[in-house]
Ligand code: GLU
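First comes one chain, alone, set out as structure tokens in the form predicted alone.
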Amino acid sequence: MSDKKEKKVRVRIAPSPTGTLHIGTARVALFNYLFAKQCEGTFILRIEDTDLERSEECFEKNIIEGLQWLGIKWDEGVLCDQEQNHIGNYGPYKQSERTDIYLKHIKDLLSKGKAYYCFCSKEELKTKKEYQMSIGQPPHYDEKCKQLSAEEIEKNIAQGEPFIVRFKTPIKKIVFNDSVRGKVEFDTNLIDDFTIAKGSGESITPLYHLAVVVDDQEMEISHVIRGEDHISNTPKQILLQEALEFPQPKYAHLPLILGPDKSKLSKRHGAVSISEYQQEGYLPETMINFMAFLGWNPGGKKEIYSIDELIEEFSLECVHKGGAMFNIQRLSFLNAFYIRKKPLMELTELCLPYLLAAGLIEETNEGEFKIKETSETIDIVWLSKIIQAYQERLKKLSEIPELTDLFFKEIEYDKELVRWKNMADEDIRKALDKAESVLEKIEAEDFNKENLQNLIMPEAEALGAGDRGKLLWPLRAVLTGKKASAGPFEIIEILGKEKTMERIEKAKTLFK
């Protein structure tokens, strides 16, 4: 914890808007957020959009909305607000708006001979690389342009020749202490004169390594907490920091998230973006709890943590070095837990969009709801009873239409589904007659779970301990048309007397 006290903690998440918010990026954002909050530091959202060809506004919006949905709030950074596009005093927080800042440092490196123009074409570089590989050499730049004269450079620039700016990599060892991995060493003999900018004529566009180093300096970033896929970038960025005489932030490289086959998590393993998990009906508190344990564990048996508890417990010292296995079963278990804890009316509101999208219900102009198939008006209280009956069964919100469609449409009966074990048609008919005779005695206003259970269960128990299903199974099957559902008494109470009797009568015609 000592490094937190050396200076004010300032951390950042810096996604590129070239795709939707990946769960790996969200996990990195969470760890930065927890670290900042724990030590009363500052958490910054910076958009790294130097790749203008692939960066899109829709992806930036997706990233911002995804972090907001998760409840990961940043103290400084980009906003999606028409009146205010960022908060904080270190902006702008989009790299595309910081070009002048970068150009000053690029020119500084060029003037001091720490970087140089390279006019080699892509085709030329590709040919050299293929040749080196063909003779068993590791591909590397042959430094052809390193010795160009000032006159040659000026001539090429004046003619509008496309170029890149290469950093002159000194031969040395880079050693840094990683808060997760410990002492890390790199030999710069293995690092080419890497690219920090590109352009043509008088136009120069900064590239990733230069931009990130300048931004971290200008925004006074104290700790860089990111995925281990960036660890190979660290020596290059340290070299730039040294060349520009910038202080070095403290580094912590988090383990990658791995799929079931132990390869890096990707689309072939299933959903990978936060918006996909949101659409599938995972809750934000589920995602926070799940992501926190991807590569981190405080020890002990406790598995359920609120965000405040995570802030209290989090430490980089407890981050694992090995890859973090993504377990969808674990994610679904956590989501079911949080769904069960949701207040009923809040859960009902969360389920409504899925029922609407499935075409089971529709909203009227007056803000009411009706069953689409029958145009019957329904209210939120009736819908909440349906949700309550399935709250214990839900693993994700998107399951609600398939589980509950029996309340919103006519049922097509599968005769064999109604059959309990080897019951004959005549016996099934008698069971349904028995259930019907009991239900007919109950007034519509008394059609509640308790009364239904008190009257029907004795009839079922009378058949013997192992034979209750002879009455209960056919009854539940004809009411739901499903192999699995909520209990028959909850179903009957929600359907009401009229619909219940109609379904029993319709089903009885199968067993004449």
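None of the values given here were measured: they were computed from a predicted structure. Don't overthink the numbering: it's just position in the shown sequence, from 1.
Below, we turn to the form predicted in complex with glutamic acid (GLU), even though it does not appear here.
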Is residue 226 close enough to glutamic acid (GLU) in the predicted bound form to count, meaning some heavy atom within 4.5 Å? yes
Please tell me whether any heavy atom belonging to residue 208 falls inside 4.5 Å of a heavy atom of glutamic acid (GLU), as the geometry stands in the predicted bound form. yes
Glutamic acid (GLU) contact at residue 20 in the predicted bound form, heavy atom, 4.5 Å: no
Taking 4.5 angstroms as the cut-off for heavy atoms, does residue 495 touch glutamic acid (GLU) in the predicted bound form? no
Of 254, 435, 212, 274, the one that lies within 4.5 Å of glutamic acid (GLU) in the predicted bound form (heavy atoms): 212
If the cut-off is 4.5 angstroms on heavy atoms, which of these, 264, 430, 230, 198, is the one near glutamic acid (GLU) in the predicted bound form? 230
Partner contacts in the predicted bound form for 45-75 (non-hydrogen atom within 4.5 angstroms of glutamic acid (GLU)): 48
